[in-house]
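One chain follows as structure tokens, the form predicted on its own.
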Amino acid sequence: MGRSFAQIAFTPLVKEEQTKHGSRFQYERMQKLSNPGDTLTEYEREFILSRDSFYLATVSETGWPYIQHRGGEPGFLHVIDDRTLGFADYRGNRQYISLGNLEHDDRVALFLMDYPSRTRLKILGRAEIHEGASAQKWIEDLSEPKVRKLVERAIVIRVEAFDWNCQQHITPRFTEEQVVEVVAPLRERLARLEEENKRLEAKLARLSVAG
């Protein structure tokens, strides 16, 4: 865990709970020894660019948290530089809850999951909304032509901190494409065995007739 994430997440009440439950010393030591953790490395970049979805959390004017799913082709969440992310925001159900929340408070949390490897990355940042004519350059940079007609705006996020979570309690899950890739060799072997079985059955039939 980087110092930046701990500074944001470990509020006084959080520290009280850590002390009460016996983990404060561990995290305090970790915080002192860790790096800043506010600059994305190649490892984070590769992980982010391989995701086909993430969860976006915002905070409403009444203080309620709100979480929404964002999805697309792998790489739809762009790494603009080592402290900036961006994505094209597609047209949805027109509730605009996240959009309204960001007008009130630009702070966001992103939750990125890799279920097969049981890996998760949390990112804290501040979001900028780009709409209208001034957003066209952003939209062109952050979306492919085939989906551009679905894009309403571009959202650019300045990374403040990030943290990797441990693997425990994550159930591995696989996409349809991943399952197809894994079972492809088994399907090929099964097809070869079926062909061999047909050949042997035909040979046995000929031997029976001859006998």
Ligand SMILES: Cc1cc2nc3c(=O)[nH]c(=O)nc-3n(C[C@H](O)[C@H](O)[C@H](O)COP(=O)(O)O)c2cc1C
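Note that the structure is a prediction, hence the values are computed from the model and not measured. One rule holds for the numbers: they count along the sequence shown, beginning at 1.
Here the subject shifts to the form predicted in complex with the ligand, a form of this protein not shown in this document.
Contact with the ligand in the model of the complex, judged by any heavy atom within 4.5 Å, is made by just one of 165, 31, 68, 39: 68. Between the options 97, 139, 113, 109, the residue in contact with the ligand in the model of the complex by a heavy atom within 4.5 angstroms is 97. At the 4.5 Å threshold, heavy atoms of residue 92 reach the ligand in the model of the complex.
Residue contact with the ligand in the model of the complex: residue 169 places no heavy atom within 4.5 Å of it. Contact annotation for residue 146: none of its heavy atoms lies within 4.5 Å of the ligand in the model of the complex. Stretch 97-105 is the contacting one of 97-105, 114-122, 77-85, 129-137, since its residues have non-hydrogen atoms within 4.5 Å of the ligand in the model of the complex.
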